[in-house]
Structure formats: C-alpha cells, structure tokens
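This document opens with one chain alone, in structure tokens, the form predicted on its own.
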C-alpha cells in the first residue's frame, strides 16, 4: 500500500504522516516514510529518526538527475522517466546510506532545495514519481509519501504509482478550495481522494463537512495542544491521538485483499 499525503502548507501533512506511521507500526506493519517535500526540514524530528543521505545526492545530485530528465524530454517523452530504475526496488534494496531506520520505521528523503538561486525542484518531482512507481512492497509493508504544499506533486504524476491519495485539510477557506483541485487531479490519475480534517475545534468540523462529500471524509483530528508543543520543540510524536485510529482503519480496509 502506497499512500500520498497532500494538502496546503501548514495543514499538518507531516504531523499526520508521523502519527499514521506510528499507529501502523503499533499494529505490526513495516512503514517506509518517503519525504518528497523539498523545503520542509522537520519530518525527521516528528518521527524521532535522523535523516540519511538524500536519494538525489546518491544518484549524482540535482544537476545530474536534471540532465537525465532533459535527455528524456529531447526524445519527445511527455513524462520523461529518469533512467535510473532498471528494476523495481523493495525496501530492503534501497541503498543503506539513503535509508534511516528505527525498528519497523524507515525514512527516505528524495532531495532538498539547499541554496539560493539553485533553480526549480523539477528533478525532485521526477525522481519522486519514478521511485514511487518502481517501489515494490511486501504484504506487511506500507509507504507513506509526505509531499510539498499544494498540488505540484500531482501535476508531476507522483500519485500515479500510489494506491491512495489522502489530503489533510485545516479549518481554512484555502484548504476547502484546494480540496476540490486535489479531488479533480486525483481523478485524472485514476485515483479517489479522501480527506482528513485536522486541527479542528468548536464547530469547524461541522462547517467544513458542509463543503465536502461526507463519504470522502475518513477522520476528524481535534486541535491538540500537546501535539503542537511537541512539534514546536522538535520532539517525536506518539500514536495515541484522537482520530488517528480512524485513518489507520481506513488504510487497512483499503489494502489489497482486505
């Protein structure tokens, strides 16, 4: 099972990714978290695990990967594949220097923007798409893909290799508007989009639900001051948060053969 986590900036994508990963591990699954957000440097703290070498750097760096994409473009490809994956990869076949592990948790980062004026993050998007498409999982393996803010990853086809698209929505007009675009782009990819209402309090959940199809909402996560404190301090999160089990139950029911 491969799950893409989408949403606007600040909605809580990395928080939900971390909480879901911890809950799945508690239920006996091996979880690979794939960090495809080129500008967020905080996911490893929420998971309580250190980053290893970026996959982008392992493959020669952003420039080298970008040149391979340009070469594919020159041959007329609409979605230029990066000619790196000559076979599918299991979690155990990911280069050890690129994979941080802690028990049943693995963390892989695709690549980060590091310098002023270095250019667009297109190579990161292409690498994320091709890696996810070629990732081979076992029956007790689940991959969770934490994406950048917005919908660029959907525009670059990252969801093509995923089984589920889940969007995290905070109580804001921007999130509600973005949910429609995420739904539309997921459908173009042949996927259904589902929504997690996050950081809600008072009557926010009820008001948000009026703008969404109830069948698409899989969980409501109340605003949690302890989670906010841990996030501010850069401390790892635990699985015991109201609503997270609803996400996990949905994921397990959606798995092939469930």
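Positions refer to the first chain, counted from 1. What you see is a predicted model, and the numbers here were worked out from it, not measured in a lab.
Below, we refer to the form predicted together with a small molecule, which is not included among the displayed structures.
- The partner is absent here, but in the model of the complex a heavy atom of 221, alone among 221, 55, 33, 193, sits within 4.5 Å of the small molecule.
- The stretch from 57-65, 204-212, 23-31, 37-45 that comes within 4.5 Å of the small molecule in the model of the complex, counting heavy atoms only, is 37-45.
- Of the heavy atoms in residue 11, some are within 4.5 Å of the small molecule in the model of the complex.
- When the small molecule is considered in the model of the complex, residue 113 lies well away from it, no heavy atom lying within 4.5 Å.
- Residue 176 falls outside the set of residues with a heavy atom inside 4.5 Å of the small molecule in the model of the complex.
- Within this chain, residue 248 is remote from the site of the small molecule in the model of the complex, having no heavy atom within 4.5 Å.
- At a distance of at most 4.5 angstroms from the small molecule in the model of the complex, none of the three residues 154, 181 and 217 contributes a non-hydrogen atom.
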